[in-house]
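Read the single chain below, which is given as structure tokens and is the form predicted on its own.
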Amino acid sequence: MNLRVNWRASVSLVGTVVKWLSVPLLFPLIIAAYYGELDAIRTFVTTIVIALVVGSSLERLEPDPDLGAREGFLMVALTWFAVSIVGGLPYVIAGNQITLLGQFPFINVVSSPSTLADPVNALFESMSGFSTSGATVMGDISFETHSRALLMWRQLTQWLGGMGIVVLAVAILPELSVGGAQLMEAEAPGPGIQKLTPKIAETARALWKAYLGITALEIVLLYGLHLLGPLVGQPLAPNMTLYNAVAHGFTTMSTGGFSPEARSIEAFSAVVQWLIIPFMVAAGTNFALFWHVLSGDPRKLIRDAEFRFYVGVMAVLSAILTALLFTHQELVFVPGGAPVAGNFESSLRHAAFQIASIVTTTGYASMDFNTWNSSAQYLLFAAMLIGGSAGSTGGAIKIVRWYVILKSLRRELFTTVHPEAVRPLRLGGRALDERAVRGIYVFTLLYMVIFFVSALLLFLNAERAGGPNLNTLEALSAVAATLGNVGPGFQLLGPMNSYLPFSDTSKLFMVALMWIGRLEILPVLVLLTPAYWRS
């Protein structure tokens, strides 16, 4: 059979991306050198060498790759798997290095072996990072078990994956500028990308500049609160060191949700939690709108129909959750924090924080929402299916699809009463192509089918593998959290727990869910069709 896909061209470009992954790997290496973490220095030097050797070898498969639409799909799909494998190497190397060194009694090993030393766990953590899921298999999140460099790498993977590895490659690698539009269409979250400038590489750079700028602003404000505390005579953000500010800046703007703190954002003050909320909302907003704002047209943001619907949905859900928390008499207080039930500020803060975190698929926790009553938990579960805006770093189904579906349903009701009426669907004053509307219905139906079938398979596999024993909410939330790139689920998978109890087969299944969820399903499924490969 003659293949219509030039797989060598695709794999060659994957090699280029893997080779350049050695550049961001320098950042944790610098962190390791700064803190004097010799084991971490060895870990990241080894990983950089492997990335350079493997990437350069793959690159030579096709010296002058010609990229068409088919090669673009294959390249994007393979790239996300390849960077996840390479990105998991530091976990494996660091974990086994500690295990090996620990065999020698004369060597002082400061860390204990990590659960991430296992290759399946490392791949899970790495895919969760790059796909910005935030689901973790770390048994113990602490500097006693992991080096600061390794935990910062975990944060950085989410920042790199947020705006998109391939979008970044299109922005900085001239060899990808020709087929860049196809690559960005295959990777970018949402129904489609908005071309901001005549050249696609310039569009990619504009998106990354906005992403970088807002990330830097959040880091400055978080660390600024920490420095401001002693000046005003009260600790505004006592735990928000420069390290934590950078780490959380990376995972807020990517809607990733990883934290080097075991208690996530509960480890920080109420002021920090209030500050992070608008940045999560910004991360779930179409970044093209920020480009218009920075170009001197802020009205684009206010007038955008999707943005207004997005903010409105979060406001309504936050108001409902605030009422549930305020009147929830069983919930007395957050450990080390203020009371929640009967306290309006605390109820509003935790409700607004958790709704923003779940709708945008960030996955942070301002407290353990496993302690909330069932009404509040089911509200959060429903929010896991909404998702951020098109062109944002958020996952799940996306708010624009729900908006179009609701408008479509309203039109159907109207035309039932007035069958002679012709009413095109409009989004922001622009009439939508009916094929685009059908595409939204197909995607949403496909998403829900995969969601329920995956939950059933996960449930059955847990039974087969001897655990963990899942109830219906745990199985559904595990799939919603991984397919939607949200991160935490409920009960066994709550925000202060991990996915470690699952069997290797279940973890690999969820790795696949995070992968296809990040690529919005179709670019992966199309690779499974015979028509894609046949001549």
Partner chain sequence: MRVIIVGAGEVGSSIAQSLADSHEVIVIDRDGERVDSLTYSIDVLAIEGDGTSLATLQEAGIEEADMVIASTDDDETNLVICGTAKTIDDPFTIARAKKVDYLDTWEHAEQGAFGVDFMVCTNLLTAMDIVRVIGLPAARDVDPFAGGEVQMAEFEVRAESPVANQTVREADRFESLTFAAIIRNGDVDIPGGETVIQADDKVVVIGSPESVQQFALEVAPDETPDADKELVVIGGSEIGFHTARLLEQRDLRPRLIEQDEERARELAEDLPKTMVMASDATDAEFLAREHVDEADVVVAALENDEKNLLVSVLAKQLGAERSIAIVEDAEYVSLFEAVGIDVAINPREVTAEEITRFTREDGAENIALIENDRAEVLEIEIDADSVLTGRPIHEAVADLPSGVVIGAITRNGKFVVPRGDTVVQENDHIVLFVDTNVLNEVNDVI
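Positions refer to the first chain, counted from 1. What you are looking at is a predicted structure, and each value in this text was computed from that prediction instead of being measured.
Below: the form predicted together with its partner chain, not depicted.
- Of the stretches 224 to 232, 367 to 375, 240 to 248, 423 to 431, only 423 to 431 has residues with a heavy atom within 4.5 Å of its partner chain in the model of the complex.
- The contact residue chosen from Phe344, Phe452, Phe143, Phe414 relative to its partner chain in the model of the complex is Phe414, the criterion being a non-hydrogen atom within 4.5 angstroms.
- This chain is displayed alone, yet in the model of the complex one of Arg303, Lys209, His418, Lys199 has a heavy atom within 4.5 Å of its partner chain; that residue is His418.
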